[in-house]
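The chain below stands alone, shown as structure tokens; this is the form predicted on its own.
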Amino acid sequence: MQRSDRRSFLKMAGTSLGIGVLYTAVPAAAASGEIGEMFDFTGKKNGERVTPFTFVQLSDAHVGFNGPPDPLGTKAFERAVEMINQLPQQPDLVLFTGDLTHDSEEKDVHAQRMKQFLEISRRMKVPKIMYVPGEHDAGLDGGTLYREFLGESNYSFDHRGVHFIALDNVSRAKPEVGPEQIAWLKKDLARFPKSAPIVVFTHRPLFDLRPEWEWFTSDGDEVMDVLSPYENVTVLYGHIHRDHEQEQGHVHHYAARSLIFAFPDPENAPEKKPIPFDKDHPFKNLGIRMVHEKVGARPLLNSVAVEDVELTVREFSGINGVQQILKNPSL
């Protein structure tokens, strides 16, 4: 069988609203021909055959934040929940990559924000929602409140042949994973063959994207050293409030947009300053991103196509149906 690249394991196939993306774990084509051979091959090597499924990544809702540069509060978050519930194919799970809430030094205030976040997120009609903290959730108290509401901040689980790993790179009050968690990661991965499809979700980028803006993880290189021997790794993260992709060896990194406000492109911006709110286009820079893999594209070529769709006031007010936005791409 001809070797397939990691895009064959993880395909982005849906929507984002200030957001994240609806991901499909394998191409949407029927499991026949070369794709079927890939499933059989990886199933024999990894011990479990990958079967198609979808999941959603959301990030940076900052529940409790209200004011410039975004006076909408939780509106974008709530709209994203509505859109997920109206998807023609319901995802198996949702991964939320941090900053669920906006921090507060008053524990009671922060606890109320966490309760509000959970009330909104649990409206999603999905079987499973998994979380990691952001620095606004866990930086002030070392993750104590987060764990009270959501349990451990790093863990792993398997789903339909894909291994998911939640990494906490914020609870040490600095952008760091820490030696104990890295040791845990090594032990967690030890049972898997190098061909296993792996999805890591965390809050901060695991590479130096823009250190002066705190867009980095200080021991990210050590984490990447652990992940680098594995051939099919995808890392999902938030924190930067914009979409971004980066490839490092066998690892592909994807950032999800925020559900509250956007930051500019660091290549073109002199300072880290949120993009101003546009009242005529309330979801500008938070829009919808439709991404799909072109079925039939030759392996080892970039077969991922991206279409960005900006939400308008009509979509915001609910006048325009989500089905128009989420029409199936032509593959």
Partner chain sequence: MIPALLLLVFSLGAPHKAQADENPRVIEITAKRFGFTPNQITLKKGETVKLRLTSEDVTHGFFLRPLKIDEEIVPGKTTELTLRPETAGTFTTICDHFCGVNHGNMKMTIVVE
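Numbering follows the first chain given and starts at 1. Not measured: the values here are computed from a predicted model.
One more form of this protein exists, namely the form predicted together with the partner chain; it is left out here, but the text below deals with it.
- Within 4.5 Å of the partner chain in the predicted bound form, a heavy atom is found for not a single one of Gly98, Lys128 and Glu152.
- Partner proximity in the predicted bound form, defined as non-hydrogen atoms within 4.5 angstroms of the partner chain, places exactly one of 101-109, 243-251, 82-90, 178-186 at the interface: 101-109.
- Interface membership of Leu140, defined by any non-hydrogen atom within 4.5 Å of the partner chain in the predicted bound form, is confirmed.
- Within 4.5 Å of any heavy atom of the partner chain in the predicted bound form lies no heavy atom of His163.
- Contact annotation for Lys174: at least one heavy atom lies within 4.5 Å of the partner chain in the predicted bound form.
- At least one heavy atom of Phe216 is located within 4.5 Å of the partner chain in the predicted bound form.
- Shown without its partner, this chain lists Asp158, Glu78, Asp208, Asp225 as candidates; in the predicted bound form, only Asp208 has a non-hydrogen atom within 4.5 angstroms of the partner chain.
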